[in-house]
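As structure tokens, one chain now follows by itself in the form predicted on its own.
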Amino acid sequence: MKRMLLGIMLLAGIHGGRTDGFAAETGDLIKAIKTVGGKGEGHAAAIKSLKLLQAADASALPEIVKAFDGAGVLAANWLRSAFESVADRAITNKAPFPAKQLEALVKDTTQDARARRLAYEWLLKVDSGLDDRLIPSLLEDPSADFRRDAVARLLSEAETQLAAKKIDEAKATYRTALRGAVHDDQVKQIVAALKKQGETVDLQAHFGFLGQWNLIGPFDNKDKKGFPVVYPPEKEIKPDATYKGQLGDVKWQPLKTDDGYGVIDIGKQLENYKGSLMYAETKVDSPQDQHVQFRLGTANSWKLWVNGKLIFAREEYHRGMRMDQYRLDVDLKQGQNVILLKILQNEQTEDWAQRYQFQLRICDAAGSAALGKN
């Protein structure tokens, strides 16, 4: 690394601060920046490389965009800084700008979403027609931000159609917008508009919430001691089994929610057993091996297993609950997959500590349902 940086610094000295002739060195500078670690590894070398990269000409911009792939949070921030410095100088000085190359990278969905968005925002400064040319094609883009832009255009179009009394056209536009909508506020706007026209939307299916579960419990969690305890459902899932629970024998029982956001409310649908824990189990079928996100919301402590593998656990009570509160990367296998959730309630008596509920959905990285509801 030191030898590489020395060569780079010598090149800088030879060129006297000029940026022409640096194309061949851009890769080395980027490599030094991407080696920076969260604990400061490679920091000094990365800082020097960043300063040199910031002095490059605009021809380096496409390579910086590509460099976001695999970059950690810190390295990505530095790459953003380099891109913005180079792009701002080029635009200010009206220097040649690689607009066509950058637009191609924005369209390339294999590129890092952060980098695509960064390039798009700077392209807008030099290409006023970019939005009209690009955004309509991004309704089902892997980037949630681009989807939001595409949906917003359709919502505006639908409102114009409604104002012109073109009701059928407006409904069709809303339905198209719904296909790409992953943000709750936009979905609610579409649902409300369609409801006025006599159409309903299955929110569970749209977001991918799991609404059918089998629950068993309560098991003991007095004094919050149940989190590490391995109760029988963690060892085996037998639909007809009976176990000794906190208040007597317990067995699996089905529980379904009609809530649009898939909320399973243990406290209201069953009972708010204080100082207890429950297990919730369900199965989903995947048409192929695939990488998905599990997005969980709960105010309770929890553990989550998929096909017997512990995915994540959090021992924290009454932190509040919201949609997509926890995002977990999960690999599903082709065919049936078994999901097991351990959800724990403590013994607090305050009004704000009475929520005993959860919601779980399966989606892609953009937030679009991966499987539909179960």
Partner chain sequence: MNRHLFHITIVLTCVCGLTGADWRQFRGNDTTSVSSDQKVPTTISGTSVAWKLGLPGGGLSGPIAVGDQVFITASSGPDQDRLHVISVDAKTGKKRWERQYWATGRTMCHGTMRNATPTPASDGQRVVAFYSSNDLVCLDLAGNMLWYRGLTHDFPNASNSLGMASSPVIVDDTVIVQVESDAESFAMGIDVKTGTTRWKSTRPLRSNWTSPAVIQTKNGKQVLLQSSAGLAAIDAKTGKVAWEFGDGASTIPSSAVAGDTIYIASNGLTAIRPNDKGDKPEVLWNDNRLAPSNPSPVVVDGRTYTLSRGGILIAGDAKTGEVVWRLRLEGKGRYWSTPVVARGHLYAFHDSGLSHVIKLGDKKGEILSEYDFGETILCSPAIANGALYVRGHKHLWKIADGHD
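Just so we're clear, the structure is a prediction, and the values are computed from it rather than from any experiment. Positions refer to the first chain, counted from 1. Each form is matched to the other, and the largest set of C-alpha atoms that superpose within 1.5 Å is called the rigid core.
Form predicted together with the partner chain: not shown, discussed below.
Looking at the partner chain in the predicted complex, residues K195, V263 and D364 place no heavy atom within 4.5 Å of it. In summary, among the residues N337, Q54, S59, T26, the only one with a non-hydrogen atom within 4.5 Å of the partner chain in the predicted complex is Q54. Note on the partner interface in the predicted complex: the residue among K66, K31, K333, R319 having a heavy atom within 4.5 angstroms of the partner chain is R319. When contacts are judged by a 4.5 Å heavy atom cut-off, Q325 counts as touching the partner chain in the predicted complex. When the partner chain is considered in the predicted complex, L310 lies well away from it, no heavy atom lying within 4.5 Å.
Among residues of the shown chain, E121 is one whose heavy atoms approach the partner chain to within 4.5 Å in the predicted complex.
Mapping the unseen interface onto this chain, R114 counts among the residues with a heavy atom inside 4.5 Å of the partner chain in the predicted complex. Per the 4.5 Å heavy atom criterion, the partner chain in the predicted complex is contacted by stretch 140 to 148, the sole one of 200 to 208, 244 to 252, 140 to 148, 160 to 168. Along 54 to 85, a non-hydrogen atom within 4.5 Å of the partner chain in the predicted complex is carried by Q54, F68, V73, L74, A76, N77, W78, R80, S81, E84, S85, in order along the sequence. After superposition on the rigid core, displacement of the C-alpha of D112 between the shown form and the other one amounts to 2 Å or more. Comparing the forms between the shown form and the other one on their rigid core, the Cα displacement of W305 stays under 2 Å.
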